[in-house]
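A lone chain, given as structure tokens: the form predicted on its own.
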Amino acid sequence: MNFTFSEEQDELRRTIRRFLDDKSPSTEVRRLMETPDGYDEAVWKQMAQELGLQALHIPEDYGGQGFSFVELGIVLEEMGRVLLCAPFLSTVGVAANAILNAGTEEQKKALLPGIASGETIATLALGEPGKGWTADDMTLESKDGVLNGTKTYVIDGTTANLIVVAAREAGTTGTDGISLYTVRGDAEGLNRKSLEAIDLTRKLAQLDFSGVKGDLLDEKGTAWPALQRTLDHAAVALAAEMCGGAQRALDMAVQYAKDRVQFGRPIGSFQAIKHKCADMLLEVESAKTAMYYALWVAAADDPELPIVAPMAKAYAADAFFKAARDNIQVHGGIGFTWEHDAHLYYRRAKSDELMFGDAPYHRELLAQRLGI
């Protein structure tokens, strides 16, 4: 068993890094996070047409390139490193997997080519106001395919033109009765409202459904296993992105510790700073190890995915938050200013920590799945 990256995978990383360093410097991130849509349509098209990123892990039968979850993770890690403002995680890391996990062959052939080509921006509408991530928390109701209810904190919910909606069939309880529907962004009865978010680089929305007609994925009331699998894939994808951000925060702290001089010597030579950077390195490398293993498990379609996915998300959430926090502390006063990029990583880390469930939730989920 070999867990090293191949030369082709290393070249993919180098290619993506060059592209993102050019297209997503911090000045561009700051510009885009102030726009309503939060991404550059021209760059999105380049990602699809020149690099084929949206098609990367979608099977060739559905218009994709047929690479594995490992390659997708490499791309997401590099995107997290630069805080790319684009609906990639929502479209490719979450919604595409929901369709792959829950859709019929005909539905996959109808929906996935648009995602692969970059024409479709998609998302998963799952969370509800004041609710968690269990089947009992799914209360948006479907009655004969007509949806009524509210979904909140939907990633890229205002820009998506395809929304996968988790709904409960009327009169059902528990894991029985959960269905997935697809809804077009311009559907009649759908009201989309932007939300103020901690992370300004990622757009969130509240979606209100009032008599919205949805198109059912697969069979009615049977989607809970596919939704669980989709959430595991989303946890792994988000862990990859978080590890990229954590590594960047670590790199920023170490570089500043080398460059900043006090009392005639670099501050990195002082024990307090040196040990803080060493602790950051340990946390980040541990999280990356868990994340890389989770990518391999997802790519291999290994039955261990329900165990390693929450583990990777919990590790990555803790590591990113601590790295972002300690990066600010290493920088001192300047790290707290709006002008410094350190706060952007801190905001992203805090937001990602909560997305799809925080670290304590995923540890509890892991314990339940282990039968503890």
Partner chain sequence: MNVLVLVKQIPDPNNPYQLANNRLKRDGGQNVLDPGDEFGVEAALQLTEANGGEVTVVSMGPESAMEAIRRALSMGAHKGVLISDDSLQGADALVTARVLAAAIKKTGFDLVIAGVESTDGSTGTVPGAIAELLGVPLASFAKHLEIKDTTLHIQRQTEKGYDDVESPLPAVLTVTAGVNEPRYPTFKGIMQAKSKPVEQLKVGDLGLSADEAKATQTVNEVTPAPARGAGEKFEDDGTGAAKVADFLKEAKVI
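Positions refer to the first chain, counted from 1. Every value quoted in this text rests on a predicted model; they were computed, and no experiment measured them.
Keep in mind that the form predicted in complex with its partner chain is missing from the display, and what follows is about it.
- The three residues 18, 56 and 65 all sit with a heavy atom within 4.5 Å of its partner chain in the predicted bound form.
- Look at 44-52, 314-322, 343-351, 24-32: in the predicted bound form, residues with non-hydrogen atoms within 4.5 angstroms of its partner chain sit in 44-52.
- Its partner chain is not drawn, but in the predicted bound form it has no heavy atom within 4.5 Å of residue 364.
- Among heavy atoms of residue 359, none comes within 4.5 Å of its partner chain in the predicted bound form.
- In the predicted bound form, its partner chain sits beyond 4.5 Å of every heavy atom of residue 355.
- For the chain shown alone, residue 60 is a contact residue for its partner chain in the predicted bound form, at least one non-hydrogen atom being within 4.5 angstroms.
- Among the residues 71, 77, 232, 156, the one placing a heavy atom within 4.5 Å of its partner chain in the predicted bound form is 71.
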